[in-house]
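Next up, structure tokens for two forms of one chain, structure 1 and then structure 2.
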Structure 1
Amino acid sequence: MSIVVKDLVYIYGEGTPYETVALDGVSFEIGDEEFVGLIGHTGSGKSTLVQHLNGLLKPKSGQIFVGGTEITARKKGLTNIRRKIGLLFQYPEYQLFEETVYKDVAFGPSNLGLSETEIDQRVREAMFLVGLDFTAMAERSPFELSGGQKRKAAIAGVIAMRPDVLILDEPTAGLDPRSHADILDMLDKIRKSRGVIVILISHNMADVARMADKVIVMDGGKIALAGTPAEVFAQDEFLSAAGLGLPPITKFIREMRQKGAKIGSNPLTLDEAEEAIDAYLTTKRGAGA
């Protein structure tokens, strides 16, 4: 599975006084099993872009290929594409509605015409992958769960469809630190166990730096930057001008360097920062000796 986007253009309110170019010549590629961080300030075009990837929006021009199939050229047959691409908007737990967690997770697979045995297998697998104990949770009302558990139940409903691409818009928004970490660990586990593409929309630069293989930065409906986390977060002046920041640990190390600490690397995570600081202190001690 891969995603290829070529010269995508989308205009809101075309021909009206409120006409806005939301996507302006957007092009990129995502390979098999890649974890992509999609960042940009509010209104930069992130959410509009991902709604094109499963056909919820149709572009004014441009092409989108999902697994080699051009979905922008199709007027029918998008149902199968949408089964391959799981899209979760912010606060998906607000869409929980069934009597039990089991029924909520089973809702999507039940509409695929699967056997009861297959549906049950998918529900159990999805609940395991998101970290919900089947025995303890399956027959509980989703409205009795904690905020983090509700979020996991909503994600399980998408996972049970067995998508090839998982797109999440701010999946940790509003969660406590423990639930925040649990959701990120869950995404990593799902990608590794299912081999899916994950596209994460986030304003949390530390999460993007730690999780992503590739980062795409949107600004004014265009792709302003794209590359590895190290490549993108090296452009601190541009990111600042675009209303974005650096991962906190990267910012801290750069402040140390400005104060005279000769730390040669630009760490993006705590583990990388620990190694860089240890190397700096070792060198400093050696020079002092």
Structure 2
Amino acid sequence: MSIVVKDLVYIYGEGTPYETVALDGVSFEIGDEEFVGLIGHTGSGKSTLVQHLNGLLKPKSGQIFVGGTEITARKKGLTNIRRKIGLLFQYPEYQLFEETVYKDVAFGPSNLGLSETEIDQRVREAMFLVGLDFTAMAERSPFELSGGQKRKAAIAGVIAMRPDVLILDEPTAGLDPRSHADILDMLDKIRKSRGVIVILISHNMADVARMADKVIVMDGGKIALAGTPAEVFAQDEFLSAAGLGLPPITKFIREMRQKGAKIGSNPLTLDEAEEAIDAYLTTKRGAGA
């Protein structure tokens, strides 16, 4: 499965005084099983962009191909495509409506017309993956949960559909460190167990640097930069001009270098940084002796 987007333009409230050009000629490609990090400052058009990918918003112009099928031209038959593309909205906790968490997570799978046993299995799996204890949570009302638990329930509702493309709009915003880690672990597990495309919108640069194969940077409705995390996070001046920053660890190494430490590489994760610092210290000791 691949996703190809060509020259996408979208305008909110066209023809009214409140007109906003949210997407202004966006093009990119996502290959099979790729993990894409989508970053950009507040209001840069990320949420608008991902809502196009399953046909919820219709572009003013441009094309989108999902697995070779153009979805922009058609009016009917989008339901099938939506079933393959799981989209988790920003603040998804407001979509909960059922009497129990179980039923709410089952809403997506039962729309797929699956059998009871299949649904049951998927609900259990999804709740396990997001870190919601099945025995304690399944029969509770989703409205009695805490904010973070609601978030997890909503995420479970999307992954229970087992989509081929999983799009998550800031899934970890406002979660505690443990839940945050749970969600990222879940993404890892899903990717390992079956090949999916993941698109992760996040303001957490460290997550994006660690998880993504490819990073797309949006700025003012346009794609400002795209490439591997190493390529993108090498452009620190550009990123800060676009209202973004570097992963803390990359920033730390950069500052060490400015203070005179001779570190050649640009580490993105803690492990890489450890290696780089280790190498630096060894050569320094060697030179000092």
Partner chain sequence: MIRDITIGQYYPGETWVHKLDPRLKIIITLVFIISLFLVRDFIGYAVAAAALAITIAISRVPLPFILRGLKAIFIIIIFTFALNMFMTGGTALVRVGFLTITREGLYNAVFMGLRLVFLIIGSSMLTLTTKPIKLTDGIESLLNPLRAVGVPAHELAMMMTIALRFIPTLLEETDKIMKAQVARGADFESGNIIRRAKNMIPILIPLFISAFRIAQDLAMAMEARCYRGGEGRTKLHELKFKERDVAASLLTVLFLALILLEREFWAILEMLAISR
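The model shown is predicted, which means the values in this text are computed figures rather than measured ones. The term rigid core refers to the maximal set of C-alpha atoms that superpose within 1.5 Å between the two forms. By convention here, residues take numbers in order along the sequence of structure 1, the first being 1.
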query: Pair member which, unlike the other, is the form predicted in complex with the partner chain; finding: 2
query: Selected hinge residue, L57, R162, K192, L145 [rigid parts, motion between structures 1 and 2]; finding: R162
query: Domain reorientation between structures 1 and 2, expressed as the smaller rigid part's turn in degrees; finding: 14
query: Inter-form CA displacement between structures 1 and 2 at M137 - rigid core frame, Å; finding: 5.2
query: C-alpha positional change at A153 between structures 1 and 2 - rigid core reference, Å; finding: 3.3
